[in-house]
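Heads up, the chain below is alone and in the form predicted on its own; it's given as structure tokens.
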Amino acid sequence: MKRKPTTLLMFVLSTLLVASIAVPGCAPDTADYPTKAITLVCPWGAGGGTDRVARFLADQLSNELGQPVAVINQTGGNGAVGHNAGALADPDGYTLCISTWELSILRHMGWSDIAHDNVRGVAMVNLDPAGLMVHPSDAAAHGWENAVDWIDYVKQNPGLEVSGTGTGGVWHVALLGMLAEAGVSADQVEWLPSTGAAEGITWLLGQHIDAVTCSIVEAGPQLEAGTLVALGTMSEERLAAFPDIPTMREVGLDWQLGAWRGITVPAGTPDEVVEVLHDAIHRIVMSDTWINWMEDQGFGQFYLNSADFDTFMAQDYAAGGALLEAGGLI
């Protein structure tokens, strides 16, 4: 009998504890987020464009949030390793990912089960449009003044060799989309997989291939030196840094594509956390520090808020699947 008060007291205390946990205000408090260090996963190697953007952004985020933001490179599987790490982390706001265009094709290509519906967009921060580059001697010999000239040549002379990245990569899909818009079958050209734009550009400089599709930024030094010629950019408008390169639309091809980068968090991350991260990134991308750094590095500046970035990723996933299927890759 003497134990009953103790038992009753324990029951009351336990009930109060459960009730306090169930009250929204007593749940894990996101109002003070962040309270510890944050990890920013980069699916690509150190020193590359995505890594450079990630590290500069992480430094700025550390200042904005008052907590360290450390970049961790988790590479492999055509971007699958890093994107998996970012999407499958605890949805608490302490693991971010600098997601890239490859998120739109991982599931389509069978490289991962991860896609846009496994993450939430925080903000899109960069878009680098693709371009079609050729050797100046080939351009002069064949009269290629723009992308349509090159495509017309392909129609009459199938088998030109093109490179810029691996099979199914963003620059490969850029080529497929351009050809599809022009009504040209993907098998009219031969895609030679490379380790990336740098290797493809080297092949083109030596005239071992006939064209490269990659970002205008990546070919910038060669374009400025005149050792390569751009026949068009797959952007909505001409690029300020390369005002002489026509857009595809200007020469009659309604086609745009670029490699994008943005910050994502796992699906299920609380709205309050996403809002804190978004607001911090928005302040960064609107700052002179960010704008000047991106211009100096040659990266395209393109911002979308959280909701618009989610919509963008969903649309890009659908478009990527259609292009891969049209190109016979899936």
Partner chain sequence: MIVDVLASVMRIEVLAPWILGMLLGVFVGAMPGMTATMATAILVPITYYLSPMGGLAMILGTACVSIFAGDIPATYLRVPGTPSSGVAVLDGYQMTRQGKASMALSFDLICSPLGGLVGFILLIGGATALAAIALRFSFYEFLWVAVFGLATCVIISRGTMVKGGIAVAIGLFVSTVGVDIVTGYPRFTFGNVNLLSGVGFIPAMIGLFGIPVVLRTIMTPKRMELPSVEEKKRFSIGDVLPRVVKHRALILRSSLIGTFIGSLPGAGADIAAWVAYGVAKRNSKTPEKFGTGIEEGVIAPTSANNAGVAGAWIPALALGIPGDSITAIILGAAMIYGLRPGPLMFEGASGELVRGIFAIGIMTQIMLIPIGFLAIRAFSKIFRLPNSVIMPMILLFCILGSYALNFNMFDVGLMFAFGLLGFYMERNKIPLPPLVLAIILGPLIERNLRLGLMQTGGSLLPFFTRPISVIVIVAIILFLSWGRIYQLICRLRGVNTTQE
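Keep in mind that what you see is a predicted model, and the values were worked out from it rather than measured. Positions refer to the first chain, counted from 1.
Keep in mind that the form predicted together with its partner chain is missing from the display, and what follows is about it.
The contact with its partner chain in the predicted bound form, taken as any heavy atom within 4.5 Å, belongs to 84 out of 104, 126, 247, 84. The contact with its partner chain in the predicted bound form, taken as any heavy atom within 4.5 Å, belongs to 224 out of 117, 90, 224, 236.
In the predicted bound form, residue 278 stays away from its partner chain, with no heavy atom inside 4.5 Å. Contact between residue 282 and its partner chain in the predicted bound form is not found at the 4.5 Å heavy atom cutoff. For the chain shown alone, residue 199 is a contact residue for its partner chain in the predicted bound form, at least one non-hydrogen atom being within 4.5 angstroms.
Taking the partner from elsewhere, residue 134 is found to have every heavy atom lying beyond 4.5 Å of its partner chain in the predicted bound form. Of the candidate stretches 252-260, 126-134, 189-197, 237-245, only 189-197 contains residues with a heavy atom within 4.5 Å of its partner chain in the predicted bound form. Taking its partner chain as it sits in the predicted bound form, the stretch 49-69 comes within 4.5 angstroms of it through a non-hydrogen atom at 51, 55, 56, 59.
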